[in-house]
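First comes one chain, alone, set out as structure tokens in the form predicted alone.
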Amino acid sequence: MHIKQQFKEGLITNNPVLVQLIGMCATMAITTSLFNGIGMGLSVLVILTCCNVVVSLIRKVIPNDIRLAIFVLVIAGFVTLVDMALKAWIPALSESLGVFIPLIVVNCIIIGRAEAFCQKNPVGPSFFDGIFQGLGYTLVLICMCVIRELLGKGTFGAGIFNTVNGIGTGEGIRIFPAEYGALVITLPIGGFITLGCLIALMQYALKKSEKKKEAKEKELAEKEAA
């Protein structure tokens, strides 16, 4: 598979959240600040890429009957490493994300890519699949964080900008007073609403692009027939 095609699929046409509709639990739960979104997204990206490479390397020696168990074991190993690294180097992020870092073990994005892609493809494509799928996931998280934080709290970049005692302690850049924010956007229902709107926009854009493609193909066919 060509790298450009993988890039397009990871970010747009086969985006794990907006198109495949997987990994949405953490997407809605932790996207209340830009700090959380970037931290969670990069954690998944690293774990996904590493797992993709390992699964691809051992795919020919994994017994088919226990392949899912092996996938989970590999994922759990990398999740543990990332969890320990966050606790050691970025404790504020580890505390903020809480149980959602260990829960990456059962994240459908990682298991799904191992099952659908990595066990059938060599290391190179699997590596780029992890990078681009992880990047697509991260961008969705960042988008949701910016929308929910801005509309709900009136700030941008909480945990990153205007820090007091290191990263994770900043209140962010104040855009408008907090009392004018729609607090419901920061609640769980706000996550459902925001994600639903993003999914609808993505589906609209994909359908519009598909119609344009079909119209061009039809036009070319008519010209050739004439």
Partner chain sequence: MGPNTSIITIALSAILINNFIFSQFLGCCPFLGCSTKLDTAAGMGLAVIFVMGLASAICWVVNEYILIPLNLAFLQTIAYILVIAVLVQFVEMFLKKSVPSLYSALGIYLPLITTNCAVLGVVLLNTQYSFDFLQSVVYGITGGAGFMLAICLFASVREKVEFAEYPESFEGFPIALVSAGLVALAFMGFSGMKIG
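Positions refer to the first chain, counted from 1. Everything numeric in this text was worked out from a predicted model, so none of it was measured.
Beyond the structure shown, there is the form predicted in complex with the partner chain, which is absent from this document and is the topic of what follows.
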Original post:
Of 174-182, 197-205, 35-43, 51-59, which is the one stretch near the partner chain in the predicted bound form, taking non-hydrogen atoms within 4.5 angstroms as near?
Top reply: 197-205
**OP:** Select from the listed residues 92, 108, 143, 123 the one whose heavy atoms reach within 4.5 Å of the partner chain in the predicted bound form.
**Re:** 108
Original post:
Of these, 76, 85, 139, 147, which has a heavy atom no more than 4.5 Å from the partner chain in the predicted bound form?
Top reply: 76
Subject >> All of 3, 63 and 127 with a heavy atom within 4.5 Å of the partner chain in the predicted bound form >> reply: no
Original post:
Quick one: does residue 100 come within 4.5 Å of the partner chain in the predicted bound form, counting heavy atoms only?
Top reply: yes
**OP:** Flag residue 160 as yes or no: does it have a non-hydrogen atom within 4.5 angstroms of any non-hydrogen atom of the partner chain in the predicted bound form?
**Re:** no
Subject >> Close approach of residue 11 to the partner chain in the predicted bound form, 4.5 Å, heavy atom >> reply: no
Subject >> 4.5 Å heavy atom contact, residue 215 to the partner chain in the predicted bound form >> reply: no
Subject >> Partner contacts for 117-134, taking the partner chain in the predicted bound form and a 4.5 Å heavy atom cut-off >> reply: none
